[in-house]
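One chain comes next, on its own, written as structure tokens: the form predicted on its own.
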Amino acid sequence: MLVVRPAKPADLPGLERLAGSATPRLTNLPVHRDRLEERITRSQRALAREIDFPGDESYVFVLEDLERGEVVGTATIRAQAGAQEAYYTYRQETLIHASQQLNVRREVQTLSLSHEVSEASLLCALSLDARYKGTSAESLLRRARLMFIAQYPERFAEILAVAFPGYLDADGESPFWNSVGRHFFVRGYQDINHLAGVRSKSFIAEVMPQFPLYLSLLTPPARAAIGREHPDHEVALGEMLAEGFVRSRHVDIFDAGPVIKAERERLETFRRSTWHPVRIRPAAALPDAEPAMIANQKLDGFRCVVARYALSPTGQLMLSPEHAALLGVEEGRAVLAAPLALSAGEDVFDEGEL
């Protein structure tokens, strides 16, 4: 039985293992014990506070396999991406160069340093044990965060964003970084990615060029990598697009991976989630039903599981005693439910502002 819950100090070894096995290595999930411990502590502090609007809070969740007694996944929400320091991206733009004298008009694609995403809430730092990839555990871990946001909207921004790892070649190198960032930092992609995870990111504004980058001056592999996700994250990106996220003009400043965004109320989980009172029945007596994410109403005791979306004629959600105990709910208590399945999403590019 699998459950998503807030991280606690005892989960630190599991987070270290997941950080080390993430493909590719994640800036927001560094292989650094002290930084991971700090993230757990910050998460616990955020859950213990009364909050009326988003700030520098981070909420770290884990996916626990209760039968194995293992933490097998982790994912985080940053309430405001740039609360502590600006969250930098490159914004794709089009400039027009024209000359009436020469009768020339050219549209030129550029990348401009931006911190517009700083105001959004960021879903990040997701890593899942390879044994659970391709199962419902993957969707549960990824989208349980939306179930949490739906219950505590005051803690988060109206706009949600997700930055996906960008394309790397067979040697684990980023063509985009090698064509852009390496000229200013004289460091490899893996090295700078690690530094960004364990130190302040103020060095980005200090060293990266402030003027637009003309795509025509980049190498062909670098141009091809812009907005392209890492192959291991294609399924994840597809699911989030089906959820209702759209591609923005922003890409990651290091590897040019895509940044997707959405108004949270437009997401499928928000639109289709419903409160139901609980009715507890033996597992063998539950009717067949489509799977759903089921979450309790607790803050620091938040729990989210996958269970059958089995409703009684009067609209009660029928849960087994095992699932009820796992959620910490009694008969008659309300839980939030949302279908696990999503319709096929469209790969839409949002040409508007984030």
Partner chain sequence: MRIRPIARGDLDGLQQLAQETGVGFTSLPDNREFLASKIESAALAFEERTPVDDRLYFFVLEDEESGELAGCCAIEGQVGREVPFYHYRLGTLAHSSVQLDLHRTIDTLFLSSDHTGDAEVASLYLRPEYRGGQRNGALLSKARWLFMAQFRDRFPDKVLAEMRGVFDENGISPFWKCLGSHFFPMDFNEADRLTGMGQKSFIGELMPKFPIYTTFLPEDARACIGQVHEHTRPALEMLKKEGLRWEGYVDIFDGGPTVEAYIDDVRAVRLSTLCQVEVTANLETSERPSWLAATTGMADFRAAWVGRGPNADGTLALTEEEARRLNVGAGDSLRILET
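Numbering follows the first chain given and starts at 1. No experiment lies behind these values; they were computed from the predicted model shown.
Beyond the structure shown, there is the form predicted in complex with its partner chain, which is absent from this document and is the topic of what follows.
Checking Ala284, Ala130, Val104, Ala170 against its partner chain in the predicted complex, a heavy atom within 4.5 Å turns up for just one residue: Val104. For the candidate set Gln84, Ser216, Thr274, Ser136, a heavy atom within 4.5 Å of its partner chain in the predicted complex is found for exactly one residue, namely Ser216. For the three residues Leu95, Phe184 and Arg187, a heavy atom within 4.5 Å of its partner chain turns up in the predicted complex in every case. Contact annotation for Phe203: at least one heavy atom lies within 4.5 Å of its partner chain in the predicted complex. Using a 4.5 angstroms limit between non-hydrogen atoms, Ser179 touches its partner chain in the predicted complex.
By the criterion of a heavy atom within 4.5 Å, Pro212 is counted among the residues contacting its partner chain in the predicted complex. Taking the partner from elsewhere, Ala224 is found to have every heavy atom lying beyond 4.5 Å of its partner chain in the predicted complex. Checking 142-150, 105-113, 72-80, 259-267 against its partner chain in the predicted complex, the stretch whose residues place heavy atoms within 4.5 Å of it is 105-113.
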